[in-house]
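In the block that follows, a single chain appears as C-alpha cells, in the form predicted alone.
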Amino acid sequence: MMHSADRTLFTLVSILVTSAIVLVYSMSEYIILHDNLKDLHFFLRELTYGCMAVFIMWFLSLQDPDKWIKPLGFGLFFGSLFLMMAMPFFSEPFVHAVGGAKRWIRIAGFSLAPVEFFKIGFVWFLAWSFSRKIKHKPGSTLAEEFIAFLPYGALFGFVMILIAIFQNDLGQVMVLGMTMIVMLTFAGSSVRFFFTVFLAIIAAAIVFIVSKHHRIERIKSWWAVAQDSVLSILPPDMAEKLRVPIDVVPYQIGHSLNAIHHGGVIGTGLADGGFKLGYLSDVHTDFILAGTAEEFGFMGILFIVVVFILLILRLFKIANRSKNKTFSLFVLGIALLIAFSFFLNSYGISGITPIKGIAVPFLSYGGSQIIAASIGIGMVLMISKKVDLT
C-alpha cells in the first residue's frame, strides 16, 4: 500500500534550507567586500541551491521507490567514486584545489564536490549489501564476523585513501566510518564486533593524523583550548607535563568562542554580528553555527538544534517502521550522516573536539552538500510512501 510522502520530514528540511538562505545573506557580507564580489553573490547562489534542493525533494517524493531507489543509489555510488578516482589526474581549470588537495570539479562556473554525493551512494551501497550479506547468527565467532566484514573493510580502506590522502579530508572519513559501523550493528553484527571495528577505525584515524604535520598542530591547538577543564582533575605534576603553551590557541576557535559568548541569550540581531567581519573567515560555511549564535543567541541555536533533533527522530521513525530491511538501513544511514556531521561541526566550533571542516547539513553555504543531502532526503521521502507513520 502506498501512502503520501512524509510532509513532516519535508517541512523540517525546508525550514533548515530557508534558514540557510537567511543566514548566508547575513554572514557573507565581509567576504563579498574583501574579495570584491558582486552584491548578494553568495545569497543568490544559496537561494538557487535552496530552490533546487526543495524541488529535488519534491520531485523525488513523487517517484516509485521500487523503480527509482536502486538505480539512483548505485548511480551516486559508482558515479561519484569514479570522479574521486579520476580527480587527482585532472588539472586546472577542470578541478579546484585548496592546499594542494583536489576536492572540487568545475562545471559551468560552479564547483562540484563528488565526496558529498558519494556519501549518499555509499550509504545506499552499504544498506543494499548489508541487508543481503550480514545476518545475525547466534554463536558466531569474531573471526567469522571479521571474514564477512572483510570486503567492506577493504572498500572503506580504499575510500579512506581517496578522501583522507588525495583530498586531505579526514573529517568526511570519520563521518563515513562512524555511519558504517552503526549500520553494521543494526544489520546484524554483534556488539563485540562493533567495538572491534570502532577501535580499528580510531587506530587508522590516529595513523592519518600523525602522518600530517598540520593535523598534529590542529590537535595541539584544540588541546590548548580544552586542557584546563581536563587537567584540573589530574595531579599537578602530571597536568604540567601535558599542558600546551597558551600561545598556540587556535585563531578560529578563539574567535568562535567569543562570537558564541557575545551572542548571549537573544543575540545581537540579524546582520549585526561583529566577528563575521574578518575574524571568522569561514563563517558562512564551517562556522555558520558560531555566526548564528552571535546574531541570534542561545535562542537561535536552540531553534536550530530542535529542528535537527526532530528531523533525526523523524528519520529514525521511518527507518524503524519500514518493513524492507534495505530501505530501513538506508534511512538509518541518512539519519546518521546528518547527525554525525552536525555533532562534529558543533563540537568543533565550541572547542569540544578539534575542527574537522565538516559542513552543517542544509545550513552551511555550498551547493554540493545541500543538493546531495536533498537527494538523500528525497530518496527517504520515496521510502516514506511505503511506511505507515500514523
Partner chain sequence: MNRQSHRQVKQFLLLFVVILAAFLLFLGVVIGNIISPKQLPSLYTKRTTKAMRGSIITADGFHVAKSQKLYKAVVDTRYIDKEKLDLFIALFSIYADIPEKKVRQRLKKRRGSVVLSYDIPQKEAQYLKQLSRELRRFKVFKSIKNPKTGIYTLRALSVIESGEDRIYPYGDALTPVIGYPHKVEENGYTLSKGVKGLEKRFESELEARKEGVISGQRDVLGYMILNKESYIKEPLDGMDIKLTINLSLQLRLEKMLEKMKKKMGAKEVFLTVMDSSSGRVLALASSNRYLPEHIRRKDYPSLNTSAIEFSFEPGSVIKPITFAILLQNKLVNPYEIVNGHKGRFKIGRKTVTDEHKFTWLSAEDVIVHSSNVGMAQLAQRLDGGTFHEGLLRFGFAHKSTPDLVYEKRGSIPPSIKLENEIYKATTSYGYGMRVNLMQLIRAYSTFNNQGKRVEPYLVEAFIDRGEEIKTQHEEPVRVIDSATATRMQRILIKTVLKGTGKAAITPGLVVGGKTGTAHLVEKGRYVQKYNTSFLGFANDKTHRYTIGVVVRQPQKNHFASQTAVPVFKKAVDIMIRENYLEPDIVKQSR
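All values reported here derive from a predicted model rather than from experimental measurement. Numbering follows the first chain given and starts at 1.
There is another form of the same protein, the form predicted in complex with the partner chain; it is not shown, and what comes next is about it.
Looking at the partner chain in the predicted complex, residues 264, 298 and 343 each place a heavy atom within 4.5 Å of it. For the chain shown alone, residue 75 is not a contact residue for the partner chain in the predicted complex, no non-hydrogen atom being within 4.5 angstroms. Contact between residue 156 and the partner chain in the predicted complex is not found at the 4.5 Å heavy atom cutoff. Within this chain, residue 257 lines the site of the partner chain in the predicted complex, having a heavy atom no more than 4.5 Å away. Within this chain, residue 279 lines the site of the partner chain in the predicted complex, having a heavy atom no more than 4.5 Å away. Think of it this way: in the predicted complex, the partner chain has a heavy atom of just one of 166, 146, 186, 208 within 4.5 Å, and the residue is 186. Checked against the partner chain in the predicted complex, the candidates 193, 122, 308, 152 yield a single residue with a heavy atom inside 4.5 Å, and that residue is 308. Of the candidate stretches 110 to 118, 313 to 321, 196 to 204, 85 to 93, only 313 to 321 has residues whose heavy atoms lie within 4.5 Å of the partner chain in the predicted complex. Contacts between 350 to 378 and the partner chain, taken as any heavy atom within 4.5 Å in the predicted complex, involve 350, 352.
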